[in-house]
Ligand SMILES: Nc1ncnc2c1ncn2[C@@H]1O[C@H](COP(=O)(O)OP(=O)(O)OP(=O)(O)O)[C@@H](O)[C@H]1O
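Here you get one chain, nothing else, as structure tokens; it is the form predicted on its own.
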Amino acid sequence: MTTETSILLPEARVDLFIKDKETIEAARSLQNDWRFARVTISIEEGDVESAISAYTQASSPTLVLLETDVTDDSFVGRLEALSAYCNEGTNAIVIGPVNDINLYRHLTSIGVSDYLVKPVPLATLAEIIAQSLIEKLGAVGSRMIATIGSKGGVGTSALTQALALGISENLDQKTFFMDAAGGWTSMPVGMGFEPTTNLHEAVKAAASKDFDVLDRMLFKPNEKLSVLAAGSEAMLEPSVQAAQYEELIDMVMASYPVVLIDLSGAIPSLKRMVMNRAHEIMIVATPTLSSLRAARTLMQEVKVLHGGSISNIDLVINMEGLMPSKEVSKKDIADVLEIKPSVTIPFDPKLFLTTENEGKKMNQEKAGRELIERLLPVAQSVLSSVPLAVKGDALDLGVIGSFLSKIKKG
């Protein structure tokens, strides 16, 4: 299971003005951390005076880390001086010489994101910076689950729709569910709505940060589940691009504890971006050689993206029993793919055809409810780390203030 910060971090610039050799080496090591691939890290041997000098000539970054040997009021005074040269929204982390709880409280009270004691080890530095960048998006506590099939026809969309119902109803989590397939989506049939919008309109709303417009694009199958009612676009027209879709993800993760994305029909660049950002990835395959071969290839690519780890992948085997004598056994699946299936779903054509042809939701059938129970561990593995303050509710949409704005107001 991944943590909240074990994702590809958003594009950002981080400046460090530090002198401690061990901390400098830790900062340099971040350049080899897959999470920081889009983060520009600048390291200068210096302190708050160096930062003031730098920002008189250049714009300030998303986040600045400042080392100090002085912890009295004179340092806070220099922070105030620094604020005059920084952009609104720049956050700060201070690295000091002593473990002083009163100093920590004082600095955080004026808006400093965190206070660390030098030397700062690599794991701590990476986690603190990652947490600060995620806070800038307002997505603290949110979890994203992405689903993808090893190939077409393995039942990914039907299982994802069942999972959305289970997370919202069985686990009582406020959930945002969207499909990245554009006009190829099967979600309107599975969730019981007529498409009222498309992904192009949704990403426009995200680009302008218009929550009211986005809210009018939603269909609510139940009190806890909001579904983007997309699918009206032409099937042969170009899809939205990954960068546009990411803006939409950032927007909804600021207000929903759980975001579920079906990648079945998405373009490759969009699949790559979402799987880099997802806290949990559900790969669906059937127990056939071609499907499992594709699943193995996909997992290897995700492993490379995630710095050699597949800890956030759940393999779901669907349609077990379709042709038992020709299927790959569970043991052979685990041996070849080097991962045990998290969930195995028996072949049940009656359930899937009945729910689709009669316009029923999966949880309206006894067999569907049993299927949902089988899938829930996939979600529970990542949602168990959702902070209690956000479980079952929307997150605070308020903009997180920077230390500079608080100093200026103080």
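Predicted model, so just to flag it, every value in this text is computed and none were measured. The numbering used is simple: start at 1 and walk along the sequence shown.
The next section is about a form of this same protein that is not shown, the form predicted in complex with the ligand.
Within this chain, Ile345 lines the site of the ligand in the predicted complex, having a heavy atom no more than 4.5 Å away. The shortest heavy atom separation between Phe36 and the ligand in the predicted complex exceeds 4.5 Å. The shortest heavy atom separation between Met191 and the ligand in the predicted complex exceeds 4.5 Å. Taking the partner from elsewhere, Glu49 is found to have every heavy atom lying beyond 4.5 Å of the ligand in the predicted complex.
Only one of 345 to 353, 36 to 44, 56 to 64, 372 to 380 places residue heavy atoms within 4.5 angstroms of the ligand in the predicted complex, namely 345 to 353. With the partner omitted here, the residue from Gly96, Gly155, Pro221, Gly182 that has a non-hydrogen atom within 4.5 angstroms of the ligand in the predicted complex is Gly155.
Interface residue among Ser142, Asn318, Asn91, Ser226, judged by heavy atoms within 4.5 Å of the ligand in the predicted complex: Asn318.
Scanning 181 to 208 for heavy atoms within 4.5 Å of the ligand in the predicted complex gives just one residue, Ser186.
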